[in-house]
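This document opens with one chain alone, in C-alpha cells, the form predicted on its own.
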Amino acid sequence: MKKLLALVLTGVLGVSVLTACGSSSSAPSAAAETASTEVAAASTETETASASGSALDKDTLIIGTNAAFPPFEYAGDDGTPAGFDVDLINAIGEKLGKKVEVKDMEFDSLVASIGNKIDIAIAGMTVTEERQKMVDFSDPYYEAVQNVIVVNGSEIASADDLKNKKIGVQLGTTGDFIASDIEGSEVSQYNKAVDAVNDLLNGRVDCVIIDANPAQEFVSQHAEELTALEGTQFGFETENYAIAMPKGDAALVEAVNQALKELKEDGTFDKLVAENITGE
C-alpha cells in the first residue's frame, strides 16, 4: 500500500526528483494538489499538537493505517486492520505501556490527520523530504523498492516501455508519484491497490506500480495471469518505511525509536517479519 516525493528515476525516464501523480502534462497533477492540501492542513494541525504536549501523555495512542496494503496492513477476518505494521505498532505500544487503537483510513489522508485525528501513522509509509516538513519520522524499520505488475506476456520490461502507457497506482503512494513523471503516462489512481490490480486483469490499465511485497502478494493470487517485475530494471530506487508522528513531538519519537531498538534486539521484530512477510 502503501509507501514518496523525493524518489529518483534514471535518465531514461528523463526526471530527477519525483514529486506527485497524475500525468506528465504541464497542468498540476491530482497527487500534487493532494500533497499541497496535506501540507496546508498538516501545518496547522502539527502546530496544535506541539502546543498541547506529547502524545505520550495519553493512555491510548490512536494509530492511523490503510488496511489495503498486504502484507503490511489489510483487513483481517473480523474486518479490523491486521498485518506486519499492525503487529509492530501493537508491540511498540506494549513497550511504551500504552493501549493502541488502530483506525483504517485512506492513505492520502494519513499525514494531514497526524496530531489531530490520530497520534501516529504506520502504513508502509516512505520517508520523503516533503513529508518530513509536515511530520517527524521514526528510524526506518523496513527497506523496499517498487515493482511493476504486468499481465503475463506483456512487452513492458524497461523504463522506456512505461512511456505512453496506462498505469494504475494507489493514490498518494510512491507508485503514484513515479507514474506522474513518466512521459505520456495516463495514470489511474485508486484508493485501494487491489482495485488497480483488478483493472489490470480487466485490461483497463497496462501495468500497476506498487511496492514489492504487496506486488508479490497480489501476483501470488493470480500467478497464471500476472507477473511482478523488479523495480531495479526500471531504475527505481530503494525507499525506507518509517512511523510518522506529530512534528515537534521529540519525546514520542525518542520513545518509539527506543521501542523499535528493543524489539529488534530481543528478536520480536524478526519474528514479526517471518510471520507476516517472509513466511518463514
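Note that this is a predicted model, so its numbers are computed, not measured. Numbers for residues come from their place in the sequence shown, where the first is 1.
Beyond what is shown, the protein has a form predicted together with a small molecule; the following relates to that form.
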Of 93 to 101, 112 to 120, 200 to 208, 173 to 181, which is the one stretch near the small molecule in the model of the complex, taking non-hydrogen atoms within 4.5 angstroms as near?
173 to 181
May I ask you to choose, among 185, 126, 189, 138, the residue with a heavy atom within 4.5 Å of the small molecule in the model of the complex?
126
Determine whether any heavy atom of residue 218 comes within 4.5 Å of a heavy atom of the small molecule in the model of the complex, and answer yes or no.
no
Whether residue 239 contacts the small molecule in the model of the complex should be assessed with a 4.5 Å heavy atom distance threshold; does it?
yes
